[in-house]
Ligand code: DGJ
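Quick heads-up: it's one chain on its own, the form predicted alone, in structure tokens.
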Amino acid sequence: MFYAKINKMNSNKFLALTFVFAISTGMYAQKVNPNKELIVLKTKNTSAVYAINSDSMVYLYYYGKRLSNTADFVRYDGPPVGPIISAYSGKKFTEPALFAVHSNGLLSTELKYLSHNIKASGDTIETVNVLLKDKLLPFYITVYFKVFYNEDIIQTWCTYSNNEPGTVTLKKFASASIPVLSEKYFLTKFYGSWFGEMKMEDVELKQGITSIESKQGVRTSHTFNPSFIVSLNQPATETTGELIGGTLAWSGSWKLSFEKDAEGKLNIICGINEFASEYPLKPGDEFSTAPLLFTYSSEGKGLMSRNFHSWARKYGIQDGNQLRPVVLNSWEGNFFEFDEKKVIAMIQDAATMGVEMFVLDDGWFGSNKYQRDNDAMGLGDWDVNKKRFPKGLDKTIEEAKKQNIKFGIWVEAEMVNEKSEVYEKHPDWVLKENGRPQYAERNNYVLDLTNPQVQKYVFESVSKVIVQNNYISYVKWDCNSPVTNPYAPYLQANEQQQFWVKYIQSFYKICDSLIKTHPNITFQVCASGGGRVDYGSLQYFHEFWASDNTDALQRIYIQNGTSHFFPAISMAAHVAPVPNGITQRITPLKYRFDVSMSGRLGIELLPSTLKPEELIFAKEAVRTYKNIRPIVQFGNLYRLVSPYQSSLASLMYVTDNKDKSVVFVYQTQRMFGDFYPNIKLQGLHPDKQYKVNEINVDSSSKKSFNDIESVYSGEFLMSQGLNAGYWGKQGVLSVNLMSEFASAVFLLEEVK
């Protein structure tokens, strides 16, 4: 059964005009059967109303703002929006969520309602199970809704069960179908490959099907991310508009489809990609799909994001209530050019800067035969590289202990190099199409995780690294290749199409075992940068590496897109060297820090290359971040100015009790003559008084204006705001960001 630790779903309001439009078109003539119960999902601010009609099928009638009274739906005889799950029946020819070939060869599935039950988990979580059955055959679907009351998030997934005398083949097995009815629909999709993840694009959905998908197998979010926003009637802004936002909790190939049919209805179908993935169910077998998380907002994208962030910190990521450390990662400072002496010097410098965690990246391992001197050898041989560390990691770790800094390590446990001893011993452990050329990306061969022996090897390899170096408290888990030779030697020929699902199930199984065996380790998920930014993996990880692109300017866009669904506490953002290794752009150290401080701050450079004044600034910036860290990592996000719509970008975090806030402002493009309107703050308490100070000021290049008395009401700050293009004498509410790569950070604290 699929490892589904993450389940939820949300309620929407898009049905005020749904009723009028549906009645006028005469859609769905079925009437509610008054002898059947309504199935009502309630969160703090939303309601979803399902009902069983005279055809014994469950239909969605309402999803939107919370209703105080839903009993009237028992008598309501108007048309529903759509079925609880859409199956191919031969009667309706739109895209289905389920397409199964039954044991007797029938291609259609006609579902009827059998029962439902509700189980509460405390006062704030409720799971609703709705059992459906084919009208002719003993084929069952259970639709699950896990409702998170306070977060306005609903998690939904399906279990398909076969009690037929023969095999049922699932040709399509989506997690959910969400029917929507509005005048217009606008899709926000998140796209971008390596170095350019989580860009955003808005398109109006016209007649027909719009699909976004991934077929990479072991990476989720390169090319597209499995997240979406559908705005109703008009494009939503940060603060206005109705929308449904969703994200699929799956770390492999996936597909999202948006079909606007001839009647003007939109059906959103989300799930594992059925491409090359038909799944057979033998008699007695069942299959559970990947969970879909979704929410409804009538107040734009900002509220949607805050719903997801609040849910993620409580339920979606590991230890979301614990502050994350400031990290120095060795990669961009050294790449493969390091030895024990150099690493020890980095640890000492990191401690001087106030860093709390040192992470030794790629190149520390290998075997006697294949030392890891480059990315073409040694991967899979998880012994210490004796060329770099003649006596192991003991001396390096002792230095970390001496400096009172924690120690982390990099692994890429799902892959091996051809030049490795493990591959030479077990060539049958990698994906390989016999008779065809073997293709490797970054010289990596992907291991066949469907093989229990390989699962055992991966688990034991990582555990061995942790146990033998028992001061390790952080593991960066990388995955640098998609599936390139899609044939699993462990599986039979007729089982190959199950590989895409079984691989990810096995990956989750290994991760689950690791976090239970090593509960005190912080795990970061990385896949050539942001290739696994999804809640499927994050149920086992504490954070993700958003992108290998550490250019501060481009990170503004990457982090902006990522923040729509994933909170700052989970988003590693590092200060890198200049010229940047990807873009060759040179940006000020302050700019790089200001951008990285809006996520989980880290450093990805060689401290010894900094000038004395830069080292002083970096040390102070780390101290400043530690002061604002609780606000950033636990606060509520408000995106104030989008980099897509201005030559500025701005965001802020506000504590739950609205007593503190941090505001970030970045210039993205210096254009002479640009006019910068005031940046109006959000999320503050209008009646509270706030002292405003600019922080993280680079005293070597500008003067601090914190000597000016600066107490303002929340109402004033939200109505008047901050001027970022002031040319004259600057005060607390004005700052000159007219120079290239200018930035500013402000701390607001309640004055009582």
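Because the structure is a prediction, the values reported are computed rather than measured. From 1 onward, residues are counted along the sequence shown.
Beyond what is shown, the protein has a form predicted in complex with the named molecule; the following relates to that form.
Only one of the listed residues (T450, T94, N480, N334) places a non-hydrogen atom within 4.5 angstroms of the named molecule in the predicted complex, and that residue is N480. Only one of G635, G529, P83, G271 comes within 4.5 Å of the named molecule in the predicted complex through a heavy atom, and that residue is G529.
Residue contact with the named molecule in the predicted complex: F358 places no heavy atom within 4.5 Å of it. The shortest heavy atom separation between K476 and the named molecule in the predicted complex is within 4.5 Å.
Although the partner is absent here, W429 is not a contact residue: none of its heavy atoms lies within 4.5 angstroms of the named molecule in the predicted complex. The named molecule is not drawn, but in the predicted complex it has a heavy atom within 4.5 Å of R442. In short, of 358 to 366, 111 to 119, 414 to 422, 223 to 231 it is 358 to 366 that has heavy atoms within 4.5 Å of the named molecule in the predicted complex.
Scanning 391 to 415 for heavy atoms within 4.5 Å of the named molecule in the predicted complex gives just one residue, W410.
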